[in-house]
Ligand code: ADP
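Next up: a single chain in structure tokens, the form predicted on its own.
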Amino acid sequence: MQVLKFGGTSVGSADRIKHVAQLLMNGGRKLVVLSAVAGTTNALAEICRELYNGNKESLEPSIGQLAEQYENLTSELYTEESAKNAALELVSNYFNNIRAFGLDMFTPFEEKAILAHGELISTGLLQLYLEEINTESTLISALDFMRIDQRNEPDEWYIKTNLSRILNQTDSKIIITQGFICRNHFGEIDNLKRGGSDYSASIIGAAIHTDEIQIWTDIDGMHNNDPRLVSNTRPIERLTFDEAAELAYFGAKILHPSSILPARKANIPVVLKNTLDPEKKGTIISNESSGNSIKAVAAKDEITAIKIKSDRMLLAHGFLRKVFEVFERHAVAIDMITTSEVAVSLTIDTKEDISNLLEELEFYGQVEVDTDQCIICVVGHFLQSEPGHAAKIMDSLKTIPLRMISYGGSKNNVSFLIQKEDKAEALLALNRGLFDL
């Protein structure tokens, strides 16, 4: 059985849903993981904000506008009146359910229940369309098998046991379920955070020991640079799990960073494919290396750089431990770090208020903060072991002011901290210097 995940843009219109249905016709048994229709989760999040703020006057227009978009989608998607009416009833029931959350006090539990509606609707619409075109399929609810534990990690035993039981109860060649949504260890509706449909597909693939996990989106694989800023990028045919994880973490938007781990642990290849051009090879991510070379460049925005300078640091035992403990207490992850005898500089990408964190750090020395920074990450295989790579990278960036450099922390990447306004120039310079483009 193959696991195929289709993102929001892949089901973003009636034509695209029809196209996805055609892709499911060929081959063997498939378990299809769907995201919400593009834009839905953002719209639902805005509805949740209005519920928190008690803006009942704007609530109905917001719900009504999103419901109308789905009503228009159903009118374009279905031909037969019976299928269209069934879809309209499905949409109406879900949006009436959303309206019901505005009748009493709104809580985080209810917010997660509302956010789940996007995937519940998209999977229901696809299943009804397959029925209309006389293609047998079975819709199963991710809420019946996908669960996270007390540490918000996948409950692997629970998922495998319940998913296997559900799959054994159907002979359908096409089985549809939701990405992103799950239950927590209390049994409440929860989710795998934004972009979590990739994660869902990887968890499911590992649970059923699939031969391959396919991630379908609107671009033909992971590119060697950001196609939004660099015009002549090209897809990468092969990446190792480590290389793909580095690129995903440092800004490559096509893949959610968490989705690599379950597939890597189970040694299952992940293939990135283009829904709009399915004949393209895409990118294969596996444990198989494709040689020592520079593969790609990625950029991560909204970075904050923090420098802690202390006269007491010279030979001071435990200084770094104390600094890291501050970040641990505030649950803030660190991306890059460089040290000297009297200072440590590091970067974070949290959007939360860090004033209390900074106040604690001032106990250990003078604290300097720079916002609106950007991390540029150059990814490849065994970059440190090959002479000339570092010189080539640095030469490409010779006109870009570099705030920090991280080299040697991983055998797969070299990272640079720069000003956000230098991002486009840096990506273009690396494209010319590293890929001759």
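These figures come from a predicted structure and were not determined experimentally. Just count from 1 along the sequence shown to find any residue number.
There is another form of this protein, the form predicted in complex with this ligand, and it is not shown here; the text below is about that form.
S.K.: Out of 321 to 329, 357 to 365, 212 to 220, 67 to 75, where are the residues with a heavy atom within 4.5 Å of this ligand in the predicted complex?
M.R.: It is 212 to 220 that comes within 4.5 Å of the partner.
S.K.: Gln178: heavy atom within 4.5 Å of this ligand in the predicted complex?
M.R.: Result no; Gln178 lies far from this ligand in the predicted complex.
S.K.: Report yes if any heavy atom of Ile306 sits within 4.5 Å of a heavy atom of this ligand in the predicted complex; otherwise report no.
M.R.: Because no heavy atom of Ile306 falls inside 4.5 Å of this ligand in the predicted complex, the answer is no.
S.K.: Can you check whether Thr123 is within 4.5 Å of this ligand in the predicted complex, heavy atom basis?
M.R.: Thr123: no, not in contact with this ligand in the predicted complex.
S.K.: Quick check on Asp226: any heavy atom within 4.5 Å of this ligand in the predicted complex?
M.R.: Yes, Asp226 lies within 4.5 Å of this ligand in the predicted complex.
S.K.: Pick from Lys253, Arg99, Lys265, His185: which has a non-hydrogen atom within 4.5 Å of this ligand in the predicted complex?
M.R.: Checked against the cut-off, the match is Lys253.
S.K.: Out of 1 to 33, which residues reach within 4.5 Å of this ligand in the predicted complex, heavy atoms considered?
M.R.: Heavy-atom contacts to this ligand in the predicted complex: Lys5, Gly7, Gly8, Thr9.
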